[in-house]
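Single chain ahead, by itself, as structure tokens, in the form predicted alone.
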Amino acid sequence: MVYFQVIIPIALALIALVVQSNRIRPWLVPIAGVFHFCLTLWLLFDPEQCYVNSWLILDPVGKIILFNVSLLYLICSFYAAGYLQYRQERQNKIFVACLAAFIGIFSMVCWSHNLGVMWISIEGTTLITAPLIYFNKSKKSIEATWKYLIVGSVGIALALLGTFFLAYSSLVGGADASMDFYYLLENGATLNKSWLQAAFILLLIGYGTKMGLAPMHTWKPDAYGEAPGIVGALLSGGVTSGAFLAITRIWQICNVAGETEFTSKILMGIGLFSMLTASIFMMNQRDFKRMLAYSSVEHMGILILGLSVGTTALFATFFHVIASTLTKGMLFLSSGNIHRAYASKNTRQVTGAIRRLPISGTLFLIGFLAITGTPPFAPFVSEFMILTNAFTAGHLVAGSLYILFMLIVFMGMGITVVKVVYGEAPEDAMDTPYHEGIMTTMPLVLFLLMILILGIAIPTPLTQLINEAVSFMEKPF
């Protein structure tokens, strides 16, 4: 099954390079999205298909991440077809090929049970998404692309070094030098503590760079700010989810090795620092797409903070992966529509969006309320559960700072959002021909419906899926 999830999108990417029509080519992306999501659902209901060999296993945690990103990609794929119809001035051959190939390469991240294969797969997602950032072909977009590649490459190099350290900790401990995930879990008690701790720090910095944790987040504001909205959605909900999966792998190995206290302190510190950094840079932010980048930094910090609390907060953490991904999907796509309509991202030129684009402007406002933890949306549920678990576990200072930083984020983000959606359109605003269409608005509505449903009641199948992932993470091996 894994081969179909990888081969079909890549095959469609190759077809995109051959198809000559700029109008027909974008429809290959929804085809890839539908195929991949159907295969993902098949895997969720047929566990026997989730094992290929010791290197390729779709475990319960991998299922959560794969389902999350496959759903995001499915909805965004239809938006992509609509969006590219407005961008006929751009040749979209490379853009469509990279979009189609992305979900195939990402599948390998979720299936990889060899940490070396996972490293290769995550690096593959970096390389395949870089051309997407450069789609607008401006001076700023090429700068953002190079920053994304250079900073990401430094991070992934540190992650490779950490992977070697992890294998060496097994060798020093008296076992075989292995990158096999299950082997490291089963022999966790024998791992050399010094090498394991060094490996954890390097892997956290390396994959934390891919997540956009502060202070390794420097690529995010530029990449998210200059890339099309759909690319921002896939970066913030896709690439970062893969990096988070990698961090959960090393966290689980450290827990089995008895290093829970060591990892928890570091994770809690970097999680809170990411939230603090995001809250500072969101204040008086005039570029609303860069604002979304800092919002992503904040939510990566929330995920890491949830992981630091321990196994009691795992359900909330995994649920927040899904809740934040769907909400950011709505925010990035609606911001992309607003950007197209005004040909600007600056709040000095972008005001009154709710009048000019009633659907996108309204959903951008609702997305802000949802992502900042306002009920009854899904992020409120996950963020509240993480906070409750932090206080229950005795992390009173961390819980209090969590509330403080979220309050600052709400105020800072709210100022920017209100400027964008309300007021009168400025007289010197560019009169672009863009108008809202079904393909560029229905995906936003779908995101809204899902975060609203998840905020009211988590469906039983999803609850079972998350509980399986939690049980797997708690397994003593």
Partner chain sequence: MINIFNSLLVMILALNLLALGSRSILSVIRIIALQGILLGILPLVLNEGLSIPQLIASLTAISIKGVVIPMVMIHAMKNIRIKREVEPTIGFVPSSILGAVITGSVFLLTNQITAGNGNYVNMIIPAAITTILVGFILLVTRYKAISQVMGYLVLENGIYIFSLLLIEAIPLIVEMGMLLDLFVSIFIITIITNHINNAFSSLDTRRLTTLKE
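Nothing here was measured: the structure is a model prediction, and the numbers come from that model. Positions refer to the first chain, counted from 1.
Only in words, not in the display: the form predicted in complex with its partner chain, which the text now covers.
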Just one of 312-320, 155-163, 265-273, 366-374 has heavy atoms within 4.5 Å of its partner chain in the predicted complex; which? 155-163
Have a look at 117, 175, 406, 185 for me and say which one sits with a heavy atom within 4.5 Å of its partner chain in the predicted complex. 117
Can you pick the one in 142, 256, 385, 354 that has a heavy atom within 4.5 Å of its partner chain in the predicted complex? 142
Does its partner chain get within 4.5 angstroms of any non-hydrogen atom of residue 97 in the predicted complex? no
Heavy atom to heavy atom, is residue 393 within 4.5 Å of its partner chain in the predicted complex? no
State yes or no: in the predicted complex, is some non-hydrogen atom of residue 294 no more than 4.5 angstroms from a non-hydrogen atom of its partner chain? yes
Does at least one non-hydrogen atom of residue 226 fall within 4.5 angstroms of its partner chain in the predicted complex? yes
If we check its partner chain in the predicted complex, which of the residues in 274-289 reach within 4.5 angstroms of it by a non-hydrogen atom? 281, 285
